[in-house]
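Heads up, the chain below is alone and in the form predicted on its own; it's given as structure tokens.
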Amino acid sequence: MRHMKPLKTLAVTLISLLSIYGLIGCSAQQDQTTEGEKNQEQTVTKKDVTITFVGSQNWLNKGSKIDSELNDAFTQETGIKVDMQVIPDDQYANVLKTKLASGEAPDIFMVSAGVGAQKFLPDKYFADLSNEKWVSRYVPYAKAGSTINGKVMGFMTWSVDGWGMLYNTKVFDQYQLTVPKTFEEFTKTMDTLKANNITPVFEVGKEAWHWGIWLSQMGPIAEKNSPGLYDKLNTNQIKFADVKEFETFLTQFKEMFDKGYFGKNPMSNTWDSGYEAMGKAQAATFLGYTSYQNEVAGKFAASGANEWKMFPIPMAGNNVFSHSAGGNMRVAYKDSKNLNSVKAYFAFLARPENLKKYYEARPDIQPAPSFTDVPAKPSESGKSLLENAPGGDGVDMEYGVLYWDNTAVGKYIQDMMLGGLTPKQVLESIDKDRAKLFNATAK
């Protein structure tokens, strides 16, 4: 099996980021969709066709009903029904793999862009969408992130984004705290906050995948320190347990847990609980994406969240802004009997007026939309995260390392926090899982 080249993707994405956040005046480009292009869409009426569509819970209708609303509009126009099935986040990957392996593949399913898509065997299951009209309106990172083995295999309406430590600037000012650049400085910051009865770092510990996100952000600094690391990981020439930055990070991470920096009962915190903790200044920092502050501001208008800033996770020597290869994308099942209807559905969603509706309903993915038709809305977090990252930027492991699974990794980290595994054993467990997948794909 041939794999994507993460470093090539990184270079393309870097160019995109510089133009997106590079301070910062992106504006909407001209609507490049012509009437002729619209006329070429397959808008046939098919009253007896239903296309099936599965996605992870946190990816669809997030904070709105926009996906359902667009589905209904498509059905009203074409007669083609869309049966959208939402799977809980922590079960999605396994459910999708089971459906694909059992011959019950949905007509459309969602996967991560970049290398993250490889675990779902794109050559076997993904349709080639390279010739669809909307591909010409992709921004560079969206085309790079959805391209596998030279073919565009995903319809992406997302945003290239990254994760960093979002901090409440008012709280930091109140206690005269500055952006920590090392773990030692981070520890002092957390000690000050804890002494003033503020949770230093709010962790949504019930969500296994979020624990995995933390470790995923250590990939770029490890790659920076050892150029070629991602290529070696993706060709099974090196193991996670051999990378010193990963073990250092996990050791420091456990120290944070043991010292109570994540507050009381962090393992019971759900994703939604983070909004209130940050919005009511009960916690001072949170590992979030650059548009997360928009969501807090939407729920807690008095929080001043729009003014908050970000810094890279200052652990294991990290000073790099880590980001995705473009988020998630919809994929058409290669052997679907409804493939033409699926392509018509994607063409409908790609119309500028529908993209506008979609992104307006999704403030979490507005910093850098996938299409040239939609203006970027970079957040204060995105700008400050780049300014606070002297090490530059790089693709995180979710999008750059083959067979990465946030939920599986996160469950090992949860076990470590509760004393069941050591940092080294977490990494060895990840290596064992990946070895099975390498062996399976080698057959």
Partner chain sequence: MYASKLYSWKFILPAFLLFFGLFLVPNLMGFYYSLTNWNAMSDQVKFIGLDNFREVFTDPSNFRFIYNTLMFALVTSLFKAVIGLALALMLNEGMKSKNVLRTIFFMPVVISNLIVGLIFQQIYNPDTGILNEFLHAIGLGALSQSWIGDPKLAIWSSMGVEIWKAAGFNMVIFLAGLQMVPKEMYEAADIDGANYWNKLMKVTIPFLIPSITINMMLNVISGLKVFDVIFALTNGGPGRASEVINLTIFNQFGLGTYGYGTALGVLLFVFLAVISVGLVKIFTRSEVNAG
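Computed from a predicted structure; not experimentally measured. Numbering follows the first chain given and starts at 1.
Same protein, other form: the form predicted in complex with the partner chain, not shown, and the subject of what follows.
Heavy atoms within 4.5 Å of the partner chain in the model of the complex are found in one stretch of 262 to 270, 369 to 377, 69 to 77, 282 to 290, which is 262 to 270. No residue in the set Glu104, Ser336 and Lys356 has a non-hydrogen atom no more than 4.5 Å from the partner chain in the model of the complex. Shown alone here, Leu121 lies within 4.5 Å of the partner chain in the model of the complex, counting heavy atoms only. Not displayed here, the partner chain is approached by Lys411 to within 4.5 Å at the level of heavy atoms in the model of the complex.
Contact check for Asn94: a heavy atom falls within 4.5 Å of the partner chain in the model of the complex. Using a 4.5 angstroms threshold between heavy atoms, Asp231 stays clear of the partner chain in the model of the complex. Contacts with the partner chain in the model of the complex, taken as any heavy atom within 4.5 Å, map to no residue of 211 to 232.
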